[in-house]
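For reference, the chain that follows is the form predicted on its own, supplied as structure tokens.
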């Protein structure tokens, strides 16, 4: 019968803390860039310019149809090679981190785009008419009237997608980055206590994600009042 030994966790906390910082850094960058790029993709998809609409549709369908781990591997192999060939930058943990951030941001943008497009579509067309009646251009109406209302409607969905992204960051182990999950795995493997470290990592992910989900539900309830 397996005997649990949790003694490896306390000495490993500084390393696990550093891994969590890396995980949060990737999450924040991917959410920020993903929302910005996703907004542009949503606007392009709703655009009357067919070329822009086709590009955005193709982009979204591509990234929503392939596994995230495959995208991470592509960028893990591609970005460091491009940086090395174009700018003579040697491969390092920094280039692996950049490649992971780029991969997550571009991948998540496809999902954020659909959320944002739905949010824009949820705003009454009368808002466009009112903005035009005030002499606003399409861009001004979208920036000053439509998007602010759409984002207020989308906040719960955007936050939920952010929680999913935080969970998905564990996949950066394929890039050999020392994120929280990767650090827990390496420490457990080193000390022969892989089961304990992975259970601990799972508990930490659960606590963070469950707490964030409760906050999202609380926000939704307050918004509904």
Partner chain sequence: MISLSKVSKHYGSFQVLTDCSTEIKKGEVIVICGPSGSGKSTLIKCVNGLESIQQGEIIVNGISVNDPKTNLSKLRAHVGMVFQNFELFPHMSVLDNLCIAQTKVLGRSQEEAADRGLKLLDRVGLSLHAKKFPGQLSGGQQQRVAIARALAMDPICMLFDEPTSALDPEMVNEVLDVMVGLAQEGMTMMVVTHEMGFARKVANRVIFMDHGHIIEDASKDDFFNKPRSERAQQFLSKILQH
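Nothing here was measured: the structure is a model prediction, and the numbers come from that model. Residue numbers count along the first chain shown, from 1.
What comes next is about the form predicted in complex with its partner chain, which does not appear here.
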**Message:** in the model of the complex, does residue 131 come within 4.5 Å of its partner chain, counting heavy atoms only?
**Reply:** yes
**Message:** Does any part of residue 85 reach within 4.5 Å of its partner chain in the model of the complex? Heavy atoms only, please.
**Reply:** no
**Request:** May I ask you to state whether residue 121 is within 4.5 Å of its partner chain in the model of the complex, using heavy atom distances?
**Result:** no
**Message:** Is residue 145 near its partner chain? Define near as a heavy atom within 4.5 Å, in the model of the complex.
**Reply:** yes
**Message:** Can you tell me which of 121-129, 108-116, 70-78, 94-102 lies within 4.5 Å of its partner chain in the model of the complex, counting heavy atoms only?
**Reply:** 121-129
**Fill in**
In sequence order, the residues of 147-165 that place a heavy atom within 4.5 Å of its partner chain in the model of the complex are 148, 149, 152
